[in-house]
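One chain comes next, on its own, written out as structure tokens in the form predicted alone.
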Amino acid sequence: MITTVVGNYPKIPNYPREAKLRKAIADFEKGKITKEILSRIEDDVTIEVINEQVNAGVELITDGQIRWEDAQTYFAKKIKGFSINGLIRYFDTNTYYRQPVVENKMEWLTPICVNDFRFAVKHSPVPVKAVITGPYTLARLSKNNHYSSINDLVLDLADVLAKEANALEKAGATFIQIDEPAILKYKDDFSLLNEAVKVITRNLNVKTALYTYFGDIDDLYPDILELPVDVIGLDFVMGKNNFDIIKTTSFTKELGFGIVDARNTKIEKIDEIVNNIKRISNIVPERKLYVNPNCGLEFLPRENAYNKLVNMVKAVNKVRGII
């Protein structure tokens, strides 16, 4: 078993800790500080959240995506062919993202999150995984004013993101995660997703993962095992049926076991997590498990996110017999 996170981490700590990033963003938008000053504060907060993940005992972390406005905007604004529109609701959450608008053919111009990854590796004593927004989800959450079909848009985005993944590998990434929550809303498009993931992973020589969340994989299983990745991340909180679904056919991949609720402030009890780990280990061997929250943690207050990770790690160690 390996403990990990899915992606983002809360940017703003609870009061009375200073919300310095929020203030810095507001000051930058008002022209009160320079981009360089804002970048330094983003660096400081990234180091904070790296340290919190490490102190919680997480064994495979992310940079917390502190520099990301959201998972769509951060990629779209650096891909040629997009413009950025107004705010729109992100799935069924109480958060919003700025909707990318497809104006022209998609083109990769420069690395998007490579410098973020390098910075995290430099400041982390434990391994760091790189995370990219998947081409299918990015396409589905965008407004398409250029391509004649969703297929053409997704496959062009897959080509763009393949270049990003290759750049991450060259920068030293050994684990690259592709986030594709939208496929759970459009399950009939699985063959398109599979084709897109093949484009991204075909030249990679690193461990790869595809993570879904906000639901279960009913109607996608066992086809989802065909995806050319090493790890499949599933949500066992909002997708409780996944426990039964993956019993129907041998689960041949490693599993990202999303069992800590990243959308509810209630802190799970250690024994509750232990019981769920034991339950899943009857289906997928412990050696094939990545234990993590069910989605990114940014929906939570910072302290709640940290305490959830602490209990998750303690539960894993209890199963291991360490505590």
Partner chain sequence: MKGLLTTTVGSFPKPEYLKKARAKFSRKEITMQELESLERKATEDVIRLQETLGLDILVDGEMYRGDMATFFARNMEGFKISGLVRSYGNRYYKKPVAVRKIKRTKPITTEMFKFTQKLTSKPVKGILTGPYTMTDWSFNEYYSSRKDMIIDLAYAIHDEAVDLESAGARYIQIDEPAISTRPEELDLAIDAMKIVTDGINAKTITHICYGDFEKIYPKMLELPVDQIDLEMANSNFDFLNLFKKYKFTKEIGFGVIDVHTHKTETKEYVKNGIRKALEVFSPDKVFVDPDCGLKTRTEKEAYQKLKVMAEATMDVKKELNIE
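These numbers come from a predicted model, not from an experiment. Positions refer to the first chain, counted from 1.
This protein has a second form, the form predicted in complex with the partner chain, left out of what is shown; the following refers to that one.
Though the partner chain is absent from this view, in the predicted complex it lies within 4.5 Å of a heavy atom of just one residue from Lys278, Lys32, Lys266, Arg287, which is Lys266. Contact with the partner chain in the predicted complex, defined as a heavy atom within 4.5 Å, holds for exactly one of Asp92, Glu107, Glu103, Asp218, namely Asp92.
Partner contacts here mean any heavy atom within 4.5 Å of the partner chain in the predicted complex, and among 279-287, 62-70, 46-54, 252-260 they occur only in 62-70. Within 4.5 Å of the partner chain in the predicted complex, a heavy atom is found for not a single one of His146, Ser149 and Phe190. Using a 4.5 Å cutoff between non-hydrogen atoms, Ile37 does not count as a contact of the partner chain in the predicted complex. Residue contact check for Ile25: one or more of its heavy atoms lie within 4.5 Å of the partner chain in the predicted complex.
Interface membership of Tyr306, defined by any non-hydrogen atom within 4.5 Å of the partner chain in the predicted complex, is ruled out. In the predicted complex, Val310 stays away from the partner chain, with no heavy atom inside 4.5 Å. The partner is not shown here, but in the predicted complex the stretch 287-307 reaches within 4.5 angstroms of the partner chain through a heavy atom at Glu298, Phe299, Leu300, Pro301.
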